[in-house]
Each structure stands twice: as C-alpha cells, then as structure tokens.
Ligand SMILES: Nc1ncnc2c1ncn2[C@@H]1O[C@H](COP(=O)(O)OP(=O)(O)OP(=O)(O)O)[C@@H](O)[C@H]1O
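The chain below stands alone and is given as structure tokens, in the form predicted alone.
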Amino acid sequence: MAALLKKVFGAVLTRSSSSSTLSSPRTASDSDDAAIDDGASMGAFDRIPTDVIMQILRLLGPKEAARACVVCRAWRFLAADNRLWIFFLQSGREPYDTVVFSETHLRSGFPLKMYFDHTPQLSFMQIYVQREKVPGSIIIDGGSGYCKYGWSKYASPSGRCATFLEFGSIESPMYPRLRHFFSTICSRMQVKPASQPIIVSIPICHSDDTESARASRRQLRETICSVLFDMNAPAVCAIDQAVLALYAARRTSGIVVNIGFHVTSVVPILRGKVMHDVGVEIVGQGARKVTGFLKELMQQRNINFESLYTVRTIKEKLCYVAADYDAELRKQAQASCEVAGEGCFTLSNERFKAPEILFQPQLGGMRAMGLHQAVALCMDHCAEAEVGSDDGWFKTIVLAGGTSCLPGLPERLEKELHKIFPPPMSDGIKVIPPTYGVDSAWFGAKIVSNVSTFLEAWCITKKQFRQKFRRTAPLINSW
C-alpha cells in the first residue's frame, strides 16, 4: 500500500523543485512567496478528508512528507503539521520523552535557557530534520572506577574497562596519561579520533570553590581538549559526570548523589551548572568500601572466595539497603547466588549490613558523615544560598553510580531526609533512582549528542579552542 501511494503521490510531488529534499524542507512559518503555487486548493485532493491525507503522509514517511511541503500553500501547512512530525519522532530510535526534554531544555547549550513553556511554537519538522543531520559521536564516560565507552547511535555502551588511572602511572604528567587513555579507548572501539565528535564525562574533582580548585578544573578541561585535538578530533564536548547523570533523569536542576568507586559526591546543580560556590559535599567512602566491608563480613563467617571481583558480583546480586536496619536484624534474610567459576554463595544479614555503612559508617570502623547527613547538609547550603527563582529545585535528588542501584536505597535515603527536615522543608523531597543504572552518565551524554543544535551549542572545535587559549589564559569553564 505504501509503495502504491508513493507512486501516486510521486506525480504530484514532481511539481516541486528537484532540489527540495529532506535537508531543506519548508515549514508552516515560511513566507507565502516560497510556495510554488499560492493557491489554497489541493486540487483533486480537496475531496479527501484531511485526516485521511494525514494518514497517507504517515505511510509515505518523513522524506516524502517533507517533499509535499513545496507543492502548494495548502500542502505546506498540512505536511508541516506538528502532529505529523511528532508521530515520526515517536517512531524513531530515541524515546519521545527524551526528544522533548533535550529539544526544549538542552538545545540552547550552556548556560541553559528554558523553552518548555513554548513547546507549541517549536517546529517539530525542523527538529526532526536537524536531528537526522546530527553526526554520531564517540562517548567516553571516564568514571572513577570503570570507564564506559561507545557510539551515541548505539542503544548502550559498547565496552567497559578499568578507570584511566590504571592506564598510566598517577605520578606521570596529565597529558601523556590522558593521551594513553584516549588512544587505548579509540583502539578498542576500532575508530579514528578524527572521524566523529567526542563527548567526555569528567568525574567531580577539586570540588570546592577556591581559586586553586577552579584553576585545576580549567587545567583538566584544557588538557582533555588539547589531547583530543592533537589526535585530530573534529570537535570536543567535556561535561561533568554529575550533570550528565542529571540529564539522564530528564532534569536540569537538582542534587546528584554520585556513589563513585572511591568517594561519594553530593553535587548541587542549577540549570545544568555545578554550583561549586554553594558547596559540593564529598564523603570518603564509595563502592570500594561497601565491597571491602562485605568481604570482611564474609571472612568472619569463613566464606571462601578467590578475588574481590567475586565479592563485588555477590554484592550486586544479593545486597540491598534495609528500610529499617534494626528491624531487619530480627528478620531472616538468607539468600544464595552463583558466581561463574566460583560456585554458590549463601549470605544472611551480610546482605544489608554491608550497604548500611553508607548511612552508619561507624559500623565499618570509619569516621565520616552518613549519606543522608551529607545530602541534608548540601540541601541546607542550597536553601541558605537562595539561588534560583524556585526554592525547591534542590529537593530533587538523583542517584548515580553502580552502588546506587542497590534495591531499597532511594526509599531509605528519602525516609532519612524526612526524619532530618521538619515540614515544610521536607515537603516535596523526592529521591530518583539511576534512570539507566550504572550507565546513567553515558546515556546523559547520548541525550546531549542527539540534540539538534549539538555541534554549535555544545562542542568546541580545534580552531575555537586555540582562539580562546590565545585570548585568555583560563579557558571558559562552562562546557
């Protein structure tokens, strides 16, 4: 049926210029002079109901629908209808809610400008065309424990490897260490750096707002860009890992709790910008401490294992966060799992005792704030700073990192925060689990990479980098 319709409509569409293609469509906002025929009639098609023609355009597909825009003014208004192109977007590779979020919140680049209140004014036809023209990108999520990398057009990361600290001596200068890291990633992906734009996520480091910390963050970004441009990358986009995790949750403001490999960072973000001046809280325990504590508990019960990797696998399969720790101690929590090559393991209260050190670090012999206390402190700083028109932006807490995927963690953290804050401060607090699990930051970069204005709004080219570097010593710290 679709093939037959294309033949019928082909005769009509030949009236349009042969140069009119999907890359240069006309929209309903174009001037009337642009139409080939200024008449409002569709000729013989006037007898066909409009909804039937819209169904025909859906069957024809986006390319033929775009060509129909240049037949006459009536066809132009019909074929450029937002509802038609919303249908095409909904039928695409990306979830429609992701498309709407990125095109209404992220298309301006940094600093973010909100367009959400003006969604009906957007031309979804133009958005469709622009997104089709956005090239695929290489995404490198350089986490503190593990790195995820892959193509933005893929459904998920294509590979994972140990953090870049294992690619070279930490005592070696930053440039050769990063050069070795990026070269290894490109080699594993079997791509040339010059082929596609590259998005790099940067773990939170030098978190305070002192001059030396700001200089260190600028230096890291400059070095990343310098390395990649020396490898002939056409464009580079370097974004904080916490910001990408927030985008993956379809948010631009909130507090990101990133449970990393070594530490946990509590990061306030307003309109896509990390609020270093408000205060980033760093807790000196992360996934490694939870795994290490589980290892101690297993050794106390004479449970034998070969490696820490085995313990980490058991943690991911069996551990959970108790809603009420004391009540959980009185329950039967025994469960078993099998680890390939290691056999079957059975745990009891170790399942919830190990993650409990996130809230009660003293159980593992550590002197540190509990996770809920660090988040509460960050929220206090946000409230005192009085930044942003909405004083509730910091009540949205987004979890990130592999350990944050443990069952029960969002509910427990939300419960503890409600205990700390009295109403009305506690009203509206919402803890969001990792939208894409351990790969949330990678998917946040994927969302950015498919924005219709990605190259011009988010990336910096080699020429732009050199011009900025020559003009001012500190590179603009906003990407």
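Numbering starts at 1 and runs along the sequence shown. What you are looking at is a predicted structure, and each value in this text was computed from that prediction instead of being measured.
There is also a form predicted together with the ligand; it is not shown, and the following applies to it.
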property	result
Partner contact for residue 342 in the model of the complex: the ligand, 4.5 angstroms, heavy atom	no
Close approach of residue 380 to the ligand in the model of the complex, 4.5 Å, heavy atom	no
Residue 131 within 4.5 Å of the ligand in the model of the complex, heavy atoms	no
Exercise: residue 312 in contact with the ligand in the model of the complex, heavy atom 4.5 Å	yes
Heavy atom within 4.5 Å of the ligand in the model of the complex - residue from 148, 217, 73, 353	148
Heavy atom within 4.5 Å of the ligand in the model of the complex - residue from 152, 144, 102, 285	144
Per-stretch contact check against the ligand in the model of the complex, the hit in 78-86, 253-261, 188-196, 276-284 (non-hydrogen atom, 4.5 angstroms)	253-261
Members of 81-104 lying within 4.5 angstroms of the ligand, judged by heavy atom, in the model of the complex	none
